[in-house]
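To begin, one chain is listed below as structure tokens, in the form predicted on its own.
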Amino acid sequence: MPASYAYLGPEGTFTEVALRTLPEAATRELIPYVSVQSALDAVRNGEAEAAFVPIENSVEGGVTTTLDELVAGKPLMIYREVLLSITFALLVRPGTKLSEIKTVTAHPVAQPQVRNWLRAHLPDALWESAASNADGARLVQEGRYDAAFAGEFAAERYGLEALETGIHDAENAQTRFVLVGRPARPAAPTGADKTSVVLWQNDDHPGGLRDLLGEFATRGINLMLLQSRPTGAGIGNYCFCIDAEGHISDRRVAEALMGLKRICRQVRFLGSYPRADVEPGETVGPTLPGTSDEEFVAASDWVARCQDGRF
């Protein structure tokens, strides 16, 4: 397998900035791809060891392109996540004035994060989406658009200047990125982990979602993301993308997944990996009584003694 990481390019994206925060990125060749799909396909085709892509934004929610690829594409697995604080700059060709801007561009996920600023300062500007924020900067460099919302760091790379900086509609906005590779054994638990799965119901019935969530709730597992995605099989047909606290090696998580496997038409395991919102070395244990590994083991031993007549 090539010692390379694919990422959503071109150079100068927030994705690249987040990727370079991973220590292992310094030992890999970092290769930009034009889309999330092409970056993930590079892993599936053996062209790259892993791909680094955005998956969730604190303003807009899940990045649907990434979620849909993980849901419907050839199976891949998440190994790491990174959180990056996001603010935008308005990048223009040198000498451009705010009053001269008629067209703007950026990645679609950027639009909800700058919508109010755009309405207040450029209400008549036409918005068109780009493959990435850095690609939008490239298109401005080529004269296709007047301005792009991107990271201020991309200005020098594309010969542009930052007309405005620190643009964001929501304070403390963050984007979550994930490192995705081919399926393999998950990394050992750290004590502060996250498990991602996709669930398909057997059928549509009252209380169906409650049944799925109950497998987590009865075992004291907190959910960090729950998002429905259409399956493509018609209106009303959805699967559910879920991030849950804990690692598949935790007894409570393993038993929840076994329960889901029994009642779901399909379960796709997307990985157990360290949480980026917890400092290395910190642990996040179960909060409900009766849900620790020790208590699960004790209950299992009790059942075994009952079966042997030793209760």
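Just so it is clear, the model here is predicted, and its values are computed rather than measured. Residues carry their position along the shown sequence, with the first being 1.
If you look for the form predicted in complex with a further copy of the same chain, you will not find it shown, but the lines that follow are about it.
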* Asked: Looking in the model of the complex, any heavy atom of residue 265 within 4.5 Å of a further copy of the same chain?
  -> no
* Asked: residue 21: heavy atom within 4.5 Å of a further copy of the same chain in the model of the complex?
  -> no
* To do: Please check if residue 221 has a heavy atom lying within 4.5 Å of any heavy atom of a further copy of the same chain in the model of the complex.
  => yes
* residue 120: touches a further copy of the same chain in the model of the complex, heavy atom cutoff 4.5 angstroms -> no
* Could you check which residue among 31, 284, 254, 276 gets a heavy atom within 4.5 Å of a further copy of the same chain in the model of the complex? => 254
* To do: Find the only residue in 227, 96, 87, 141 having a heavy atom within 4.5 Å of a further copy of the same chain in the model of the complex.
  => 227
* **a further copy of the same chain in the model of the complex reached by all of 59, 184 and 269, non-hydrogen atom within 4.5 Å** => yes
* Stretch in contact in the model of the complex with a further copy of the same chain, which is absent here, among 98 to 106, 160 to 168, 173 to 181, 147 to 155 (heavy atoms within 4.5 Å) -> 173 to 181
* Asked: Which of the residues spanning 292 to 311 lie within 4.5 Å of a further copy of the same chain in the model of the complex, based on heavy atoms?
  -> 295, 296, 299, 300, 302, 303, 306, 307, 308, 309, 311
